[in-house]
Ligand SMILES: Nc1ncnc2c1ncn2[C@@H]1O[C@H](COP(=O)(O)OP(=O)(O)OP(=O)(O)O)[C@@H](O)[C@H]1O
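The chain below stands alone, shown as structure tokens; this is the form predicted alone.
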Amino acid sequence: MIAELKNVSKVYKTGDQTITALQPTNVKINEGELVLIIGPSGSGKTTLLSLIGCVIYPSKGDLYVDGNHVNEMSEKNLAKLRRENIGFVFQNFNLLAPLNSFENVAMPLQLLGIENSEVKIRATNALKMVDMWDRAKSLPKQLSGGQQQRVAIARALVSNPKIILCDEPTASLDKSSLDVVMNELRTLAHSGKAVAVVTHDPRLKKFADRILEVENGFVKDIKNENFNE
């Protein structure tokens, strides 16, 4: 187990209005599995992902990530936890347009002050892991959507995080690219990472080891009958 929510809820207040984004929830995220977080827009699934990713604090309950009690951590230490243990993959790739694939993947390590020789080795290995080394010098605009997402995955894993969190990573991909990206993520999970993917796309169910269904802020762990079809 790498992350655990114990009776965790999240409430936002806007003026006199109180919005419960996540009802009291008990969830565990384990290394070595790909967890799919499904539900309609506004259901609370992105809030759940943000809590696991230490982007926000819980309103109530206890959140643990990599043995750390998140509730008691300062924002500085929380940022350090994110930087060292969590990789993020987004729907729109978020690659920097002026930089080629290698430079995009190397950027997180450079920001951490890693020596250039180590940066080169780790960025190269990350691109090879997602079968994108042959496009290391390509700019984002020269890549297909699926290729851009694979570079984004390489960037997320270059710091060797224990958790990889993906927010609608296949929303803008065709079926062929979707299959490639999800197979990459499943391979990463089964190599020992904890991978959580937020989606409303039922096509992704077949790639999941476990499915969390979120609706109106309530989270339910459901059996995945599609796995290993």
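The term rigid core refers to the most C-alpha atoms you can superpose between the two forms while keeping them within 1.5 Å. The structure displayed is predicted, hence computed values, not measured ones. All residue numbers refer to positions in the sequence shown, first residue = 1.
Heads up, the form predicted together with the ligand isn't pictured, but that's what we're talking about next.
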{"item": "Touches the ligand in the predicted complex: S43 (any heavy atom, 4.5 Å)", "value": "yes"}
{"item": "T170, heavy atom within 4.5 angstroms of the ligand in the predicted complex", "value": "no"}
{"item": "Exercise: A21 in contact with the ligand in the predicted complex, heavy atom 4.5 Å", "value": "yes"}
{"item": "4.5 Å heavy atom contact, S159 to the ligand in the predicted complex", "value": "no"}
{"item": "In the predicted complex, the residue from K60, H190, H200, K175 that sits within 4.5 Å of the ligand by heavy atoms", "value": "H200"}
{"item": "In the predicted complex, the one of S138, Q91, N125, N85 near the ligand [non-hydrogen atom within 4.5 angstroms]", "value": "Q91"}
{"item": "Segment assignment from 24 to 32, 182 to 190, 63 to 71, 45 to 53: heavy atom within 4.5 Å of the ligand in the predicted complex", "value": "45 to 53"}
{"item": "In the predicted complex: members of 93 to 119 within 4.5 Å of the ligand, any heavy atom", "value": "none"}
{"item": "Threshold 2 Å Cα movement between this form and the one not shown for N85, core superposed", "value": "no"}
{"item": "Shift in CA distance, N92 and E184, in the predicted complex relative to the form shown here, given it is 3 Å or more", "value": "farther"}
{"item": "Inter-Cα distance between Q91 and T46 in the predicted complex, nearer or further [3 Å or more]", "value": "closer"}
